[in-house]
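Only one chain is included here, represented as structure tokens and corresponding to the form predicted alone.
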Amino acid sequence: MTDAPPWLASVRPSLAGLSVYDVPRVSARARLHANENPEPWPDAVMAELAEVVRRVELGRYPDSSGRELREVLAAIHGCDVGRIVLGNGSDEVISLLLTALGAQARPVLVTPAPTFVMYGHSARVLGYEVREVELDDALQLDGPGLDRALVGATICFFARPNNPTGTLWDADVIARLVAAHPAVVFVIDEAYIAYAPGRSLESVLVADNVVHMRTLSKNGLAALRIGYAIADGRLAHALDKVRHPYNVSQTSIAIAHAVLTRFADVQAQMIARTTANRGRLAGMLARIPGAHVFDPAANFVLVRLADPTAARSMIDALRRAEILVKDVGHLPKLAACVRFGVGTAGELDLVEATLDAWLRAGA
């Protein structure tokens, strides 16, 4: 056996227990496992976006902070442009926050559980203590449990709507926690808020220890990898100090700018179609005997089947039909649960036919 090279001693010990977040590329007739907006952009829009890309100077570095795109986002959100920090997807924004706020010898992250996996993963990479507080049986926040966990904490992430549950957590509970813990930075991740119109906390929850996080990935632009934070100016300045320059490609900046300024109405129509398809998907899942469909507020639907065996049988039937969904039954509070991304009308036709055949076969 080859001896371990001496440089291995320099690898962070915190990485030992972590797995690699890697989603293999697979071909499928319906990909409902990744919480995307699958609606296709019209050909005319794609042709105009191709012209936008054609004008990108590939031999030049991008704008180091995405100023023009940040100006558009600032206008949309009605805030100073200095409060907006771009990231290569929300994942990078999460890492920027954790890096900038890691002054304590042992910083502490608090999250509900289950929630978006990258909060805890990124925190553990950086040596944070991670305190997870399980949701209650209705998949709502455990306010008293979070209140206790937040004592001495550094940062807390609230995904609203939450992934993987799709639930909208009680705004009053969040507001009370924010007020009770002014030394903690609370990040309100509204990645899916386009599918819950009128329910954003951005204008409701305003405090210097609150960061609002958004992404374009759930709204038809997942390939661009653009997320952003809206933070107090002092924290935004700190994030820019740890952010790598040129962290977002000029191609992504240019396409996002064009969509938000010229094709926002098309994007809104795509979101509306996905929201309508969400209702159809929830209805077909509700027809499964013994199933409970949780009230969805995002671009996916969570269903709990009668038992884990039924969930496994359904997932296998869908997989045989080349339909990919997410088995989340191993997560806290989600035994026998399956998460379905909202597909196109054609994909949902395939799902419906497969579920009907599975039920007829005596599922």
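Numbers follow the displayed sequence, beginning with 1. What you see is a predicted model; the values in this text were computed from it and never measured.
As for the form predicted in complex with a small molecule, it is not shown, yet the points below apply to it.
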## Note on the structure
Among 258 to 266, 187 to 195, 138 to 146, 278 to 286, the stretch whose residues bring a heavy atom within 4.5 Å of the small molecule in the predicted complex is 187 to 195
### Task
Report whether the minimum heavy atom distance between residue 91 and the small molecule in the predicted complex is within 4.5 Å.
yes
### Query
So in the predicted complex, does residue 217 come within 4.5 Å of the small molecule, heavy atom to heavy atom?
yes
### Query
Wondering, does residue 159 line up within 4.5 Å of the small molecule in the predicted complex on heavy atoms?
yes
### Message
Using a 4.5 angstroms cut-off on non-hydrogen atoms, would residue 163 count as touching the small molecule in the predicted complex?
### Response
yes
### Task
Could you tell me which one of 225, 273, 181, 121 places a heavy atom within 4.5 Å of the small molecule in the predicted complex?
225
